[in-house]
Ligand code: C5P
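Below you will find one chain, with nothing else, as C-alpha cells; this is the form predicted on its own, and questions on how it binds or moves follow later.
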Amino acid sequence: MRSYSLIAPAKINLYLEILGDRPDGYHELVMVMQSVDLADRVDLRSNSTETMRVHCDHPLVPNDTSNLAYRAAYLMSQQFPQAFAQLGAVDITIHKQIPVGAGLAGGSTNAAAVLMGLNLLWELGLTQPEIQELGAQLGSDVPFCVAGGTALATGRGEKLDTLPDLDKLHVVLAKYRSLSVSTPWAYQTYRQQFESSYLRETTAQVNRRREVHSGAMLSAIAHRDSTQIGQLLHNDLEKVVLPHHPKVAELQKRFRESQPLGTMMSGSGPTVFALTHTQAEAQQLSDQMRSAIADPDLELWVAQFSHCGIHIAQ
C-alpha cells in the first residue's frame, strides 16, 4: 500500500488587524502570518476501501467526520471522483505536537497536509495555488498552512502575499493546557465592542490594506530587523481576550518582564509567544517562565521560525 508522511507546521500571527465586516459574515483582516517548526506529523496510507478514516491519539481531537483533516479528504474525493474511484480512500493518522485550541492553526495545518498528501498519493499534479484554492473552502488559515513561511494575509486570511523569510528568529510559546478560547467568540465579542470603529467603505478598507503593506511592520520584515519586528507586534483580538482571560494577560506580563524582542498573543489565543534572537535565549526565557509560574497546567515550547509549510517527512 502506498503511503506518505507529511510535516505540518504550526503558525503564529505577528500582526492581526480587523478592518471591518465582509458581506459573507466574516471579518476583513490584515495579518502577518509566520510558520514555526513546532509541527504535527500526518500519515496517509491507502486503505483500498471507499471509507476515509482518521485517527489521532490526542483526547481532544475528534476521530470522526468533524475533524478538519477528514473534511479535507472528503473534499478531495468530491473534487476528484475518478481518482477516488480508481485509487480508493486513505487512513489518516495525526501525531499531535501542536497544542489543541491554541490559536496556532493545528487543525488547519492538518487539513493542509491531507490536501498535499492526496495530491501526491493520487498523482493529481495540482499546483500549490490550486491546493490553496481548495484549502480556502475548508478554513481561512489552510491556504497559508499549505505554503508556510512568512506572508501577508488579507481578505478573511486566504489571500496571501509572500514576504521575506524570517527563519533565523526563535520563539517561546506558552499555553495553559486546560484553557482554550473560541475563535468565533473572540471575533463576535470584538464586533460587539468595537463595531463602531469598523471601516464601512470598501475604498477605506483597500486604502488601509495599502497602508499596512507599505507600513512599519512590513518594512521591518523586508530589512529583517528583528528588534523592530518585536516592537511592532500587534493583535486586535487582545482587546477582548486578555480582559476576559487574566491568566493569558499574566503570561504576557511575565514574558515582558524578561525583556524579549517582543511578546503577543497568537490569533484568538490563548497561546502567548515571545521572540528572541537565538535558541539559547529562547531556552533561557522558557526556563525563567517555568520558574516564575509553578503551575503544572502551563505548557512551554521553544521553536524556530520556519520558511516552509507542508513538506514530506525525511
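Note that the structure is predicted; figures quoted are calculated from it, not measured. Quick note: we count residues from 1 along the sequence shown, nothing fancier.
Same protein, other form: the form predicted together with this ligand, not shown, and the subject of what follows.
Contact annotation: Tyr187 falls within 4.5 Å of this ligand in the predicted complex, judged by heavy atom distances. At the 4.5 Å threshold, heavy atoms of Arg156 reach this ligand in the predicted complex.
The shortest heavy atom separation between Leu29 and this ligand in the predicted complex is within 4.5 Å.
Among residues of the shown chain, Ser77 is not one whose heavy atoms approach this ligand to within 4.5 Å in the predicted complex. A heavy atom within 4.5 Å of this ligand in the predicted complex is found for exactly one of Gly101, Gly139, Gly88, Gly230: Gly139.
Checking Thr183, Gln205, Gln97, Ser180 against this ligand in the predicted complex, a heavy atom within 4.5 Å turns up for just one residue: Thr183. Contact with this ligand, judged by heavy atoms within 4.5 Å in the predicted complex, is confined among 19-27, 6-14, 289-297, 302-310 to 19-27.
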